[in-house]
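Shown next as structure tokens: one chain only, the form predicted on its own.
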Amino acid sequence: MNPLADALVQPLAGREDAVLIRPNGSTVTGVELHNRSGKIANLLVEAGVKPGHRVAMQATKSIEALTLYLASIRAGALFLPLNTAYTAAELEYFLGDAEPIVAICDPKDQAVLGSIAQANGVTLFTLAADGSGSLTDSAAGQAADFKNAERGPDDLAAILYTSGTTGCSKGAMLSHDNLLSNAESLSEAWRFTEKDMLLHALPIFHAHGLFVAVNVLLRVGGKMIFMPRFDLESVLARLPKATSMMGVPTFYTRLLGDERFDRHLTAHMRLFISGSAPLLAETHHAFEARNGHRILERYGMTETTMSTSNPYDGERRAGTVGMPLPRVEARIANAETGEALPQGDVGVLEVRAPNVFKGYWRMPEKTAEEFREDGFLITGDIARIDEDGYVTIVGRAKDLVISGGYNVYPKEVEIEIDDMDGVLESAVIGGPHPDFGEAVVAVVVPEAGADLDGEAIKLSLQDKLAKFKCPKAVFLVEELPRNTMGKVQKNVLRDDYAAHFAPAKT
């Protein structure tokens, strides 16, 4: 038994049809994908990977990278996808914390990551965007046959690192049942079948692109147009062959910015889904006016994958994230006491479901803090549930910033800024951005007599933080607003600075 491999990989062995279609039109059949995953799984075992070990990957999206995920599942390993924007300093933490047996990186990063891997006892393979590299070279000589490792529903299948409020990233542990139950709930809620052709332009180091899009389509036996990234021209050219698309709000604002995106181009489409960041109501309405489709917005987080969704059949309400998915319980509670609040009241959103994660890697105390005694997860998002059961996210606890679908915890950025010469203190907030939904904004207090420059601060962070975490704007002030208890009032900062931050589209 291996729940994910049995559900996602084994059915491929009997599929002679194309499962993945590259932008150039070439294809990979189910049999080919199954056999390639077997070869890489054998290589992983040869490299010392045993059930329960970790396999880390920071590589450009490719069919081979996706195959590595399937191979890791088959070998019983925990797959650890890492954002391609992470710096060497961030990767050093991840490899040291997760202690993978094997790591995969782009060949261009081998020189930098090689020393980190060696220091942590990690075997390093390379994998380029075109599928070349030592991983595929070494796997070529392996046998395609592979007996899947025995795994149970509660055994871990993946670790996804999410930014920490204290600057220390946390590894969310997801089990076979977490991922498989969510794929089944989403397939049911969104009516995916073997007839679907999904246009896949999302990254696969993120839960959205990997554990939602890929898992759902493999679970139902569908197909994917597998694109390396979102490119407007490529998406417009391939939409006519797709039946569905999953994206972040940025995808849809960019499509709306091109007059070729019209009713004729999307007449055959069944479903557009948006997530990972709030979809503006204006975008929702403009999209429907342009082509007649109402985008289906949903809500999730790294720790739960998807929890709520607007209905496939029924009203898709702009500004809401819909209702709890099948087998998901949701409630609004008092953040301090955990007491359930009356319908319509605003409080912290809590969920309980088979897809809720098992906890944070090697952080039992932090894990305990996130759960109520009755098993509900405290999401940290402030929301309300109306009389019809629709959930509206009205704010985010802990001042989380979601930029382009990626979580940025302000403390992580503030630590780096505060460590700079001449900086007394800083506060990081989210500011509105036409493409990314939110962008990181830093408000900085210089030390007495210090001559700071906002652009220099932005530049110095580029080697320390992933690009999506770096501030798009820096404001210099004499002091930060505080309440009577001395706590920085970020709500005041948002009113004073974020509203004035309106960058051009990028």
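From a predicted model like this one, the values you see are computed outputs, not experimental measurements. One-based numbering along the sequence shown.
The same protein also exists as the form predicted in complex with a small molecule; that form is not shown, yet it is the one meant from here on.
Contact check for Arg15, Lys195 and Asn215 against the small molecule in the predicted complex, heavy atom at 4.5 Å:
Verified in the predicted complex; spot residues all out of contact, no.
The small molecule contact in the predicted complex: Phe436, any heavy atom under 4.5 Å
Heavy-atom contact with the small molecule at 4.5 Å: present for Phe436.
I'd like to check something about Arg229: if you look in the predicted complex, is any of its heavy atoms closer than or equal to 4.5 Å to a heavy atom of the small molecule?
Flag for Arg229 set to yes.
Within a 4.5 Å heavy atom cut-off, is Ala207 in contact with the small molecule in the predicted complex?
Yes - in the predicted complex, heavy atoms of Ala207 and the small molecule come within 4.5 Å of each other.
Taking heavy atoms and a 4.5 Å cut-off, does Pro432 contact the small molecule in the predicted complex?
The answer is no: Pro432 has no heavy atom within 4.5 Å of the small molecule.
Of the listed stretches (249-257, 89-97, 138-146, 187-195), which one has a non-hydrogen atom within 4.5 Å of the small molecule in the predicted complex?
Looking at the partner contacts, the answer comes out as 249-257.
Heavy atom within 4.5 Å of the small molecule in the predicted complex: which of Phe376, Tyr390, Tyr406, Phe272 fits that? Just give me the one.
None of the others qualify; the residue that does is Tyr406.
Going by heavy atom distances of 4.5 angstroms or less, which of Pro410, Gly76, Gly300, Pro81 would be at the interface with the small molecule in the predicted complex?
Answer to the contact question: Gly300.
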